[in-house]
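Before any questions on how it binds or moves, here is one chain, the form predicted on its own, in structure tokens.
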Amino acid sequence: MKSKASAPGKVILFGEHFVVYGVKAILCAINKRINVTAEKSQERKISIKSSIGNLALEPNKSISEIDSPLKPFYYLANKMIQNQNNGIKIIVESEIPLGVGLGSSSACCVAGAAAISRLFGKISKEEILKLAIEAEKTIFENTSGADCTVCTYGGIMEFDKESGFNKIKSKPNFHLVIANSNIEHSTKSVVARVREFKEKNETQFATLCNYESELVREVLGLLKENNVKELGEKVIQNQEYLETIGISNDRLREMIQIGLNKSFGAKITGAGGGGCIFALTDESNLDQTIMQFKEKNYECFSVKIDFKGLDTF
């Protein structure tokens, strides 16, 4: 018996970094997916195959001893085969670039939790999400769980540290053109840089948090109206705040400028320092925006909001 599951990636639309300090962030699932296939095997071994490498280990290894980006899958499989005599084979297929802030790790954890757990019986989305967050903590110890949540339920959600997540009912019809800087970055070091900025500029940072909170409040109204042009203005405004806290660089600024030529607005998504930016478009300027990036030889692709979330089959 094979069990298959698929989960979408994600983009942070507004609020990255500020969310660490109590401001709401707005995230959305995107229609690029991780697909995971799991099946029981006679051999008492956990075997994982993926485009970023393979892993094959006996059960009951210490997670801290495993140096592999595939260890969330090992964690999930090992948890499920306790008191069992079989092993598990797992195949991971990805449509999402890895390590660029588009939620590939979270989508892996969600799809992995669903595919592996369903070999042993049906469980609810809530239980799958709980398992996925446990698995994600093997690679990101302090994860908020926000990424796994949006990858599980799809659509758009608001998230803050105090209240957790709240799914937004609006279904706006816009496209995002994602462009990849191909600059490797460490989320941990960028977060530390922002913390340093805050400590040196307490008053300015508090003002920026207030501005961002107001911006997010206005964005929630614009999403209901599907007002893409005004959303674009908020995207530009949010990017100015991200510039101020020091997470941009010359390459990202160049990409944002390219995006602004034809789109409604462009900004960094995720940690910054590298990774991706997005440009907000609709049908009227989607193709022109993609062409702008391709003419400058930037890797790019378009996405829409994924309203389905986790899918099992």
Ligand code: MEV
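Think of the rigid core as the biggest set of C-alphas that the two forms share within 1.5 Å after superposition. The first residue of the shown sequence is 1; numbering continues from there. It should be emphasised that the depicted structure is a prediction, and the values quoted were computed from it without experimental measurement.
There is another form of this protein, the form predicted together with ligand MEV, and it is not shown here; the text below is about that form.
Trainee: Given a 4.5 Å cut-off on heavy atoms, tell me which of 166 to 174, 141 to 149, 70 to 78, 83 to 91 is the interface stretch with ligand MEV in the model of the complex.
Mentor: Of the options, only 141 to 149 has residues within 4.5 Å of the partner.
Trainee: Give a yes or no for residue 270: in the model of the complex, does one of its heavy atoms lie within 4.5 Å of a heavy atom belonging to ligand MEV?
Mentor: Flag for residue 270 set to yes.
Trainee: Although the partner isn't part of this model, could you tell me whether residue 182 comes within 4.5 Å of ligand MEV in the model of the complex, counting any heavy atom of the residue?
Mentor: No, residue 182 stays farther than 4.5 Å from ligand MEV in the model of the complex.
Trainee: Is it the case that residue 290, even though its partner is missing from this view, gets within 4.5 Å of ligand MEV in the model of the complex, heavy atoms only?
Mentor: Answer no; every heavy atom of residue 290 is more than 4.5 Å from ligand MEV in the model of the complex.
Trainee: Quick check on residue 191: any heavy atom within 4.5 Å of ligand MEV in the model of the complex?
Mentor: Yes, contact at 4.5 Å.
Trainee: Note which of 226, 187, 204, 213 lies within 4.5 Å of ligand MEV in the model of the complex, where distance is taken over heavy atoms; exactly one does.
Mentor: Checking each option against ligand MEV in the model of the complex, the one that comes within 4.5 Å is 187.
Trainee: Enumerate the residues of 1 to 35 that have a non-hydrogen atom within 4.5 Å of ligand MEV in the model of the complex, in sequence order, or give none.
Mentor: Result: 10, 12, 16, 17, 19, 20.
Trainee: Is residue 245 among the residues whose Cα moves by 2 Å or more between the shown form and the other one after superposition of the rigid core?
Mentor: Indeed, residue 245 is displaced by 2 Å or more.
Trainee: Would residue 18 count as moving between the shown form and the other one, using a Cα shift of 2 angstroms or more after superposing the core as the test?
Mentor: It does, since the residue 18 C-alpha is displaced 2 Å or more between the shown form and the other one after the core fit.
Trainee: Can we say the CA of residue 205 moves by at least 2 Å between the shown form and the other one when the core is superposed?
Mentor: Yes, its C-alpha moves 2 Å or more.
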